[in-house]
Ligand code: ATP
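What follows is a single chain, given as structure tokens, in the form predicted on its own.
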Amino acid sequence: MSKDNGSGVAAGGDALLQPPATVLDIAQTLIRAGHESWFVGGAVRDALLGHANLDWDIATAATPQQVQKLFRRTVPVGIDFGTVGVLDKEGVMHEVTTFRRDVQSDGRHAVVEFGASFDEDLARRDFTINAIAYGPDSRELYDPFHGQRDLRAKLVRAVGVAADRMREDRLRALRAMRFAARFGFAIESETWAAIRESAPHLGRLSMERVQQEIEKTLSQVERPGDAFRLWRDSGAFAVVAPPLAAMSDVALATIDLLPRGTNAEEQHRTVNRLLALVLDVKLAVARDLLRELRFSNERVRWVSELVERWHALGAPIRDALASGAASSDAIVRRWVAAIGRTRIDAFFTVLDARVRAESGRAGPGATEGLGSLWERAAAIALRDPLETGDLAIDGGDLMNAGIKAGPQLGAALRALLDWVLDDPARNTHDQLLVRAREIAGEQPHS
């Protein structure tokens, strides 16, 4: 890592910082037009940490209107806040934001004015590790708030007066805790005090912003439980998600033991982590919380259904595993039927993490017996009849057997399924028809 020379400018940054040629071209176009421009934010920070980051943002003296005139393809991402999206030659969008200063803030929305110096622009940023800039032409780092020092010390520190930064934007408290967990950093003491003081005011945040921060924590952080432990201990959960205010260390450890999704195709892993986050919350409360946090209807439904199954079956299955005795196929078949064949993988993935968290042992030895049960459940889900729609008989057959349409028909189908769950070999048309007639004979006549 390059060394700060005392004036805030560090030489030799290009050893670690190599912006893509396409975004360098955007920055140099601005500079050639006479507008001071710098790379700023997360891409600079992550490059210095040796992490990949494709979101190279540019801060510039050019106004949004000047930026739009300079480039053929732009998107008005946030003109009022000085941000224009510029599409590079490959169609990738990069945010170009005018130097600005805050003139007013209610803790959620800032009123900004342009014409600020670059030093003023950096001074309004959240944390020192995000206030390091890199010159596209000079290939030098500009670091007036000693963010490189904090990267070396593994500290999240607010720029300037921590309490002021938190008052300007309450979301910064949640971001600080995510950065600390993501990078394995500590939070500097004054910054942590400001976060705790800010916690009672987090209700000013929209639920959409809180939900986005939860999603980022679940998807970006290797051990999201570390971040959510800070949410709990700072008082943030008590304000933005009260049902999670007393989350147990076991629940937090469960989240950490679930793998992180690394691409869009692995979103189910993030959903598993979200399930673990609300696993101990009562079903109705969990459903309401997810809705209040503005999660999609599909995600609310999926997670809520799994929470319901967990509360019904989590303890019996763990008790069966603890006993060491193998459960019969009929019992496992009923578990699988209750969970649902499409939910088996998610349920057992979270169950595996929970058992390991409860044992305090991260390794696979902690879940001895669970692996074979999981394999049996998966095989049953693929092979055996588990729903009334899987039966070799339908409603028409039952009516022909003398069972009336309506509630009696549904009850008969469920009774037949229960009979088949004991022995899938019974799932033949002839056997079910005989059993259906027996059921019809047992029903009271109206």
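Position 1 is the first residue in the sequence shown; the rest follow in order. None of the values given here were measured: they were computed from a predicted structure.
The form predicted in complex with the named molecule is left out here; the points below concern that form.
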item: Touches the named molecule in the predicted bound form: Gly41 (any heavy atom, 4.5 Å); value: yes
item: In the predicted bound form, Asn53 touching the named molecule (heavy atom, 4.5 Å); value: yes
item: The named molecule contact in the predicted bound form: Asp46, any heavy atom under 4.5 Å; value: yes
item: Interface membership of Trp302, the named molecule in the predicted bound form, 4.5 Å heavy atom rule; value: no
item: Contact residue in the predicted bound form, chosen from Thr83, Ser359, Gln220, Gln211 - any heavy atom within 4.5 Å of the named molecule; value: Gln220
item: In the predicted bound form, the residue from Arg182, Arg333, Arg354, Arg269 that sits within 4.5 Å of the named molecule by heavy atoms; value: Arg182
item: Interface stretch in the predicted bound form with the named molecule - options 312 to 320, 199 to 207, 125 to 133, 335 to 343, non-hydrogen atom within 4.5 Å; value: 125 to 133
item: Residues within stretch 169 to 192 having a non-hydrogen atom within 4.5 Å of the named molecule in the predicted bound form; value: Asp169, Arg172, Arg175, Arg178, Phe179, Arg182
